[in-house]
Ligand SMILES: CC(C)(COP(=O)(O)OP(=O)(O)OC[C@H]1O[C@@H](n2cnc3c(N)ncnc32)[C@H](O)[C@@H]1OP(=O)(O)O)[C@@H](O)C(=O)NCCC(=O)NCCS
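The chain below stands alone, shown as structure tokens; this is the form predicted on its own.
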Amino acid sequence: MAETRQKEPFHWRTGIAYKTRPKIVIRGYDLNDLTGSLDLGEMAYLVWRGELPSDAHGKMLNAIMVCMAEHAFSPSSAAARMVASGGVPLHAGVAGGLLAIGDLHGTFDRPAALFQQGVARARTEGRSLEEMAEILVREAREQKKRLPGFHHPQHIRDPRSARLIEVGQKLGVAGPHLALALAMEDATERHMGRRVWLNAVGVSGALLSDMGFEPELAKGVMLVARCVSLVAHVYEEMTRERGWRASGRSEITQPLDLELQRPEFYDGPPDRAFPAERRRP
């Protein structure tokens, strides 16, 4: 007869926090000691990374989150408003906006992974960052792949990028990943026939990489920062606009207005009769 192994009762395993009736402990620190002593960015760093940030890392993380907190109408804010127009609670609208963040909008993980892999590859192959930048851009061009973190469909040259670079350099956070990113921007002129500018997502991915953030955790920074914006957009949609976004009485043509759904905009099968033999009584 097989021996029965005694198992522990189920319990969560975590290195993040625990609580008892009298206290709450986060990464080893009493929550009441943190309250009033850390700002939100520093607290996020502690929860995510497990240690208190240096002054430079705390300020850099705050700067990135401030920069990414609001960007007017983008896929995430528009999606959040459309979800909110259905009459859902605020948190459901915010969740809808978060679901719009992907490979083409707001993702920090893809450029972070690109730069981290590039720096690691340069070291393994004994190449300079400038040489690796040439290789990465040339390979992307030959393989017809996008360079994540470069170009912006609305700004072309993202007005946020230079300021983030300036802050990162002043704080001493900028390191090899940002250096590689900037060298790749230079290399685009030679391999793509025009300069393809780093956008704020790319700069943020590089700076977070220089701070030791893994790509997936870097994505989390964007998600939290953009929630600030999404709460505002959903709340405004709930309190200022009519539901459904289809009212013909609105001063502005609504995205679900019947005028935008006319037959001439339809390119599916033409009107057709339902087969008589398929009709049921």
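The first residue of the shown sequence is 1; numbering continues from there. All values derive from a computational prediction rather than experimental measurement.
Absent from the display: the form predicted in complex with this ligand. The rest refers to it.
K.L.:
Since the chain is shown here on its own, which stretch among 128-136, 170-178, 198-206, 84-92 would lie within 4.5 Å of this ligand in the predicted bound form, judged by heavy atoms?
P.N.:
Checking each option against the 4.5 Å cut-off leaves 198-206.
K.L.:
Hey, in the predicted bound form, does Ala162 get a heavy atom within 4.5 angstroms of this ligand?
P.N.:
No, Ala162 sits far enough from this ligand in the predicted bound form that none of its heavy atoms falls within 4.5 Å.
K.L.:
Counting only non-hydrogen atoms and a 4.5 angstroms cut-off, does His152 reach this ligand in the predicted bound form?
P.N.:
Because a heavy atom of His152 falls inside 4.5 Å of this ligand in the predicted bound form, the answer is yes.
K.L.:
Taking this ligand as it sits in the predicted bound form, is Pro148 near enough to touch it, meaning that at least one heavy atom pair lies within 4.5 angstroms?
P.N.:
Looking in the predicted bound form, residue contacts with this ligand include Pro148, since a heavy atom lies within 4.5 Å.
K.L.:
Is there a non-hydrogen atom of Glu166 within 4.5 angstroms of a non-hydrogen atom of this ligand in the predicted bound form?
P.N.:
Because no heavy atom of Glu166 falls inside 4.5 Å of this ligand in the predicted bound form, the answer is no.
K.L.:
Using heavy atoms only and a 4.5 Å cut-off, determine which of Leu99, Met192, Ala120, Ala78 is in contact with this ligand in the predicted bound form.
P.N.:
Looking at Leu99, Met192, Ala120, Ala78 one by one, just Met192 meets the 4.5 Å heavy-atom criterion.
K.L.:
Is this ligand in the predicted bound form near all of Asp103, Thr107 and Arg110, within 4.5 Å of a heavy atom of each?
P.N.:
Result yes, every residue of the spot touches this ligand.
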